[in-house]
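Okay, so here's just one chain, in structure tokens, the form predicted on its own.
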């Protein structure tokens, strides 16, 4: 499947629930919307966290250039094909916390797949499983896959064990974003208030700064892909 309209697809995938997929998805959506681009979020997660956030919050529904919808429960192949063939701007895909064929298929065809993880051994083990599965799919379909670990909900004071774990990640073949998302109330308030960090009142400058740093890394990945395609 190829997209002729230049849309960029970012999937949020992990075999484990509770790692921050939906929170990361909304934070990145807010950064993109603040740039004035259109963002379409498709919620494939069985918890329907983002779909529930959107449909129960008048504030969320008033955010310009944002649409949110549920992914289908069947006929996935036709839906994915039509999605890749007709989308524009940015499509964010919040996937189920599993290693199902659907999750892997969407993650493999996304422009970028992000696996959020807390600095804990269980989260990193599951992130490694996701990376290994995606690399196996990449070999099978002969398509390179952009996959990054996003460390999030990191406390301001990091323990020695957490430092050691981050060093283990960096010495492994797991690719991660250098930007670390800290544990901040700005992210949890997205769900309680129906807004996004970039549109909160008042905004948290530290939260905005780290999300924007993350977006610069994401943009660099996309720009590198464009240079490779043009070569």
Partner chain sequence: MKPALPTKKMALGVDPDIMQTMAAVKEVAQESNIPTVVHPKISTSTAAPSPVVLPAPPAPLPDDVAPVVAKKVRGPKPAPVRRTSVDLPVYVIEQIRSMAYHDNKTKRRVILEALRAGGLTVKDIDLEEGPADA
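Numbering follows the first chain given and starts at 1. Everything numeric in this text was worked out from a predicted model, so none of it was measured.
Another form, the form predicted in complex with its partner chain, is not on view; read the next lines as being about it.
> In the predicted complex, which of the listed residues (176, 198, 184, 40) lies with a heavy atom within 4.5 Å of its partner chain?
When its partner chain is considered in the predicted complex, the option within 4.5 Å is 184.
> Looking at the partner-bound form in the predicted complex, is residue 109 within 4.5 Å of its partner chain by any heavy atom?
Although its partner chain is absent here, residue 109 would touch it in the predicted complex, with heavy atoms inside 4.5 Å.
> With a cut-off of 4.5 Å between heavy atoms, is residue 120 one of the residues that contacts its partner chain in the predicted complex?
No, no contact at 4.5 Å.
> Give a yes or no for residue 52: in the predicted complex, does one of its heavy atoms lie within 4.5 Å of a heavy atom belonging to its partner chain?
No - in the predicted complex, heavy atoms of residue 52 and its partner chain never come within 4.5 Å of each other.
> Given that the partner is absent here, does residue 88 sit within 4.5 Å of its partner chain in the predicted complex, heavy atoms only?
Looking in the predicted complex, residue contacts with its partner chain do not include residue 88, since no heavy atom lies within 4.5 Å.
> Even though its partner chain is not shown here, does it sit in the predicted complex so that 61, 128 and 191 each have a heavy atom within 4.5 Å?
No, none of the three is in contact.
> At 4.5 Å, heavy atom to heavy atom, what parts of 33-68 sit next to its partner chain in the predicted complex? List them in sequence order, or say none.
44, 45, 46 sit within 4.5 Å of the partner.
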